[in-house]
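This document starts with one chain, in the form predicted on its own, laid out as structure tokens.
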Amino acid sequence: MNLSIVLSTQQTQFQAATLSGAVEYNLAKIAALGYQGVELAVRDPQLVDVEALDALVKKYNLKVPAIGTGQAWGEEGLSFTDPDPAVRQAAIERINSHIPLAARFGAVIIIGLIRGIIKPGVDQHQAEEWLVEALAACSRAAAPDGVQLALEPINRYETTLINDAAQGMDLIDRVGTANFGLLLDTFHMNIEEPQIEESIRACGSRIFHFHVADSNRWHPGAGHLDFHSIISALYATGYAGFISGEFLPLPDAETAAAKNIAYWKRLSITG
């Protein structure tokens, strides 16, 4: 099992970015705890010293399976479905700016809340059309570099655009590119999916990345989810990527990171 955990390269307002800032300190801690990878949350690649970051990741012998982009929504308001076309275009350009970084690390680009929410005056159909157009444009831009994009179905309390796996699979058909797939997250799935394992099986090979948090959004083992069953179903699809922890930094970030990896070692699932 390959385990990673989310690290924001800058301090962030996003609560479920388990580790944030102090990049070298946190990379050293992640490696010392026994993680094989680090999922990097990057608001704007222009604000990152890529050479220095690459050197640090290599220093601690870590892989970067995915790059999170949600802070562009949370802290700048960029989204694919904003009624202002300039904002929509800026969101597309921001995702495209992640392509060289993703190509360098061999990472998936995550499409989270940069998809946006449905704002007043915009109907569902129009928002979905804008979303499909943006995703198709970004996927086409990423394809020559061999970069994949993965949209995360997010629960209904955070957005009304693509809440569950079935909607995500429909979106894949509408976007129509081979390098566009899904990121499934157990916290959101626990809210939206009738049966988590069945939804995983239905998505199959279009699962490009996988997030874990327990039912209460704490680290796995702190809630009631049956992770042995969930991850067994995931591996049965042929998934060979990372299991990436994205959960609240509670009771504090370092304790949560340590408890997460200890939990997976006890569970002993192979894949």
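For every residue, the number given is its place in the sequence shown, counted from 1. Since the structure is predicted, the reported quantities are computational estimates derived from the model, not experimental observations.
Omitted here: the form predicted together with a small molecule. The next part is about that form.
Point to revise | Options 151-159, 92-100, 195-203, 130-138; stretch whose heavy atom lies within 4.5 Å of the small molecule in the predicted complex | key: That would be 151-159.
In the predicted complex, does His219 have a heavy atom within 4.5 Å of the small molecule? Answer no; every heavy atom of His219 is more than 4.5 Å from the small molecule in the predicted complex.
Item to complete: May I ask you to state whether His211 is within 4.5 Å of the small molecule in the predicted complex, using heavy atom distances?
Response: Yes.
| field | Partner proximity in the predicted complex: Leu113 to the small molecule, non-hydrogen atom cutoff 4.5 Å | value | Result yes; Leu113 sits at the interface with the small molecule in the predicted complex.
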